[in-house]
Every structure is written in C-alpha cells, then in structure tokens.
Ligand SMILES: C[S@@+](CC[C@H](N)C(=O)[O-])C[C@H]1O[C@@H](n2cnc3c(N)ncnc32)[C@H](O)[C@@H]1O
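A single chain comes next, written as structure tokens; it is the form predicted alone.
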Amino acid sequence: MNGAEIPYQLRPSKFIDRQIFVELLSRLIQVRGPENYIYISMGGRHLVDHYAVYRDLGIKAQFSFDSDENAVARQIFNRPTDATLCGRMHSSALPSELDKIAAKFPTRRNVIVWLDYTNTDRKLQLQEAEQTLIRLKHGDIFRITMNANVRHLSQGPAGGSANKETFRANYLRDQIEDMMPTTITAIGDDDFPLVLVKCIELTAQKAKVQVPHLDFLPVLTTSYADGQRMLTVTCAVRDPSQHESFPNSHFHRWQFASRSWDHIDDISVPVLSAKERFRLDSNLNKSAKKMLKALKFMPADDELSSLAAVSNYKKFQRFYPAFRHVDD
C-alpha cells in the first residue's frame, strides 16, 4: 500500500499539516478577500484540500489537475462544488497554463498554487517551481511539497558516517546540479529536509533574478513522516512597490509563521485513541512531564521519546484529527 492509499486516521501528521496550511491561508488572504482567489493544486483522487479550502475559507474558484485520465474522472466525481474544474495535465505544463486557468475565473485576481510531489524527480520539480514562481504576482501564494526521505538518496559505500554523508551530498548534486547550493557538502541522517529547503530557497532566488520586482517570502515550512518524510514550503509573493503589505504586519504573531528559510516546524505526533486524547486534553495546561505522568504509560519507545511525543501533541493539539464512526 502506498502513501496515497493509507487512511487519514492513520496519518495524523499529514492531516495536521493540511489543517495548519488552511489556517495559514485564512491569515494571509482574509484582508484581501477569499472571493478574489483561485485555488490550484494536484488534488488527488478525493480532492481533500479542495474541500478544506471551500469549507473553511469559502473559496469556490478551484482547479485540480492530474496526468492520469481516470484520476481526473474521479476528481470530477468528488469535486466539492460545480465551480471546481478538473483537467488532465502534467505539472510541467502548469506555468504556461496559469493564464488560461485564471481566464476561467475572470473575476478573481490572485492564485494559490500547490505543487504536491511524492516522487523523487527533484530537478524537474525545482525547475517547475521556478517557472511557476516567475508567473505569479503580488498577493499570490505558492506551496511545494517534496519527498524528504533520506533513504531515497544512495547511501554509498561502507566506510563510516562521514563518507556516507559526503556521498549523499554528491549524489544529490549529480541529480539536481545547479539547483543545489555549493555550500552543502554532506547530508546527515536528519539533514535532508533542511537541505531541500536550501534548494527551494535557491530556486526562489533564481526566480527573483527574472522578476526582480517580486519577493518570495517563506511563511510556513513543515516536515512530517507518516511513512515517508515529506517537506512542504509555502511562500507569499510580495511586490514592495505596492501600498498594501503582504503578508500584513500582524502575520508574524502567528505561532507557526516562518522567521526565516531555515525555520522548520517538525510535525511528529503520536497515534492516540480517543480515551488517550481525553486524558491528555484534561491535562493540557500542565508540563509535558506531568501530562506523560497522567497517562501512566509511554506512548513511544522510551521516556525521552514519549516526552517529545507528548510535547508535540500539546503543540498541535487543536489540529489533531478526531475521526468518529458515522453511527456515533
């Protein structure tokens, strides 16, 4: 079973990541008006994110695409409203098609674009990101998800961790060439998400050279591992010559707002039963150590890991999925 087939109740970190993204959008676009935005993404078979931005933000102008004809047919069946359009298209065609997509919603002035990748064709993905960025404008939002599973990098010959880390860096550089900063010479076991962030930052810098009047500002960066480790970076597009500040001056008060390109929120939460959640929620105002003591067992392999799990649950508690049986 691949990641796309795993039920959401078994992927709490992915669910939380999507919910934080929706909250991010609410903070970014509320002043400009959700009715002025088109939401564009690779929605998958069930258009889960399209439902979320329609239900929580009221964005009706939506476009989803996939290169598989049957997947598009399924999207059409599952679309949240008749205003949601679905088309067969490869992600590489998106930059050149953005104007045509926008023309389908002539009263909307801005776009939210999410390139959601799962495979490891990273050079093509970064190139597509660059070509998309240069076609955006003030008030637009760009989001990219990439596979950050270090096991997908060749581990190299035996001979110590230093050799392995250097081999990984060289392997990635051979794969993505000038899309990787020259300062990266080694990739440790836990370094890959940050390495990919640096590659995305370099991609944004390359885009800015072509559209110098625009700034691409990181506003949310998350990583999670419900199976494979993934990295997601979201940027706001700003034209400093505009009178309107985007994001607005209050945005950085938000708990998850990126302070820099290097700021990554690692979403790692335990899988909990409803009874376990209730016990933690009733002790939410206490320290992680006291919350763990209230459970009377360890939700992870050892005490240190359990403390980290409880701390992360406390941080992301209001986004944690609560699935119920339909007969409840």
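As the structure is a prediction and not an experimental result, all values here were calculated from the model. Numbers for residues come from their place in the sequence shown, where the first is 1.
We do not show the form predicted together with the ligand, though everything after this point is about it.
> At the 4.5 Å heavy atom threshold, is P34 in contact with the ligand in the predicted bound form?
P34: no contact with the ligand in the predicted bound form.
> Using the partner position in the predicted bound form, report whether P299 sits within 4.5 Å of the ligand, counting heavy atoms only.
P299 lies outside the contact set for the ligand.
> Any of the heavy atoms of S91 lying within 4.5 Å of the ligand in the predicted bound form?
Close contact exists here: in the predicted bound form, S91 approaches the ligand to within 4.5 Å, heavy atoms only.
> Consider T118 of the chain shown here, and say whether it contacts the ligand in the predicted bound form, taking contact as heavy atoms within 4.5 Å.
Output for T118 is yes: heavy atoms within 4.5 Å of the ligand.
> Residues in which of 46-54, 273-281, 289-297, 24-32 have heavy atoms within 4.5 Å of the ligand in the predicted bound form?
The contacting stretch is 46-54.
> Could you tell me which one of W114, F256, F167, F105 places a heavy atom within 4.5 Å of the ligand in the predicted bound form?
Contact check passes for W114.
> Should the three residues F63, C86 and R135 be counted as contacting the ligand in the predicted bound form, with contact defined as a heavy atom within 4.5 Å for each?
Result no, not one residue of the spot touches the ligand.
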